[in-house]
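Only one chain is given next, in structure tokens, and it is the form predicted on its own.
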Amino acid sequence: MRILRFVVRRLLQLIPVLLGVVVLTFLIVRVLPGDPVRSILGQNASEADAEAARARFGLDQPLWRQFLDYLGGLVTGDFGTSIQSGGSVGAEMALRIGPTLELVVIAVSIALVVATLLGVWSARRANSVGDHGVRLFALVGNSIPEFWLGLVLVLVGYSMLGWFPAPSGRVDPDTNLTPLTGAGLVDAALTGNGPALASAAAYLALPVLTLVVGVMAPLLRSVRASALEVLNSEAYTAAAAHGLPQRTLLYGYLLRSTLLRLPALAALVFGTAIGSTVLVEYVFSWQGFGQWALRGLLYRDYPVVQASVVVIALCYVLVFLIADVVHAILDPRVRI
């Protein structure tokens, strides 16, 4: 009940936060230089055509009226109409967000597991050859731009070795996958399409590996530092001096204390991963949320930009809410 009350209280606190994001985004995209109508019609379009387009998308209305219309649409789940495509922003976003979430969730999950195991293993063997190798890997992972790493993986994995499919989609069209959520693996599993499942996994391998390296590097450094702090603490030394079994020391002392910092950091890297998928999606021609949002920003497509920022903000606050709950479960000293 304590955690349930905390979750309800935090969900209520999200309302003013998201409202602030909505207001700021609405104002900022209109302050940015550039005319969305001219971006779509081109500079050679007549003034009459431009005015007709502005009237069609409500851009000829006063700013306060545009905001109230936008806010009213949000309350009913209507994100507006894309100036670029003329389609529903909500429908377009529903098609795009599934592939990106699939990419980010799988990459962050793998990175969390590997970083935890490798970080604790490295800390228990501090200053050994293996420990230096792990630290070097974390340093390199932090330093390499993700788009460059993606290009290298395409060159090696596809062009040279031929182990992975070309970076030109998310699933083989010959598998006749029926799209349900937009996430290839999920759709293939739900429809029981084995060939599509294997194809989606093959297409996912390289972009997921690209994201895993970038996400895992900061997690690995944090886990190793936390594990070293626990290993050098008086509590752990006393427990070891009393002859507690290695299993108790590992799971009861080292692992649990090490994981205390991980939820907040994982939430942070999850939000960062959503933003950094833009370049990864371009490298692998992954028709996801990042490409869609960036194209909307380039064309000054107000409804697309506003919806993108609101959804990313919503993801951030929900992930941090989950991180706080997990932290409270792991650490009984935390009062929520």
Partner chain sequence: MARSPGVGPSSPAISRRGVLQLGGSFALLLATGACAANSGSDSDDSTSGGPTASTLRIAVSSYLSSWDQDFVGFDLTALMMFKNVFPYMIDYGVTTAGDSQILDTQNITPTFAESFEPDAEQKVWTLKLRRGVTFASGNEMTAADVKWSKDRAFAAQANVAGIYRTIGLTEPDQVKVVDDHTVEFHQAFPSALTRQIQAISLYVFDSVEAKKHATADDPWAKEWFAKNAPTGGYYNVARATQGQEIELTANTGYPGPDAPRTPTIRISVVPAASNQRLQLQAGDIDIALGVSQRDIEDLRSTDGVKVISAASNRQVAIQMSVTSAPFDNVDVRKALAYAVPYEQIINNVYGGDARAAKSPVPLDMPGYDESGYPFTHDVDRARAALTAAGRASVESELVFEADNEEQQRIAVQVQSEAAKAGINLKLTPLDPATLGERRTRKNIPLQLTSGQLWVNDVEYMLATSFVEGANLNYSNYTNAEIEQIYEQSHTTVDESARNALWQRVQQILAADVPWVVICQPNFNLPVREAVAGWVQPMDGLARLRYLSRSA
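Because the structure is a prediction, the values reported are computed rather than measured. Residue numbers count along the first chain shown, from 1.
The form predicted together with the partner chain exists for this protein as well; it is not shown, and the discussion that follows is about that form.
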Although the partner chain is absent from this view, report whether residue 143 comes within 4.5 Å of it in the model of the complex, heavy atoms only.
no
Is residue 65 close enough to the partner chain in the model of the complex to count, meaning some heavy atom within 4.5 Å?
no
Answer with yes or no whether residue 285 is in contact with the partner chain in the model of the complex, where contact means some heavy atom within 4.5 Å.
yes
Given that the partner chain is not shown alongside this chain, does residue 70 nevertheless sit within 4.5 Å of it in the model of the complex, heavy atom to heavy atom?
no
Among 262-270, 128-136, 228-236, 164-172, mark the stretch whose residues have heavy atoms within 4.5 Å of the partner chain in the model of the complex.
164-172
None of 74, 198, 249, 101 but one has a heavy atom within 4.5 Å of the partner chain in the model of the complex; the exception is 198
Exactly one of 88, 257, 193, 181 has a non-hydrogen atom within 4.5 Å of the partner chain in the model of the complex; which residue is it?
88
Suppose contact means any heavy atom within 4.5 Å; which members of 290-325 contact the partner chain in the model of the complex?
295, 298, 299, 300
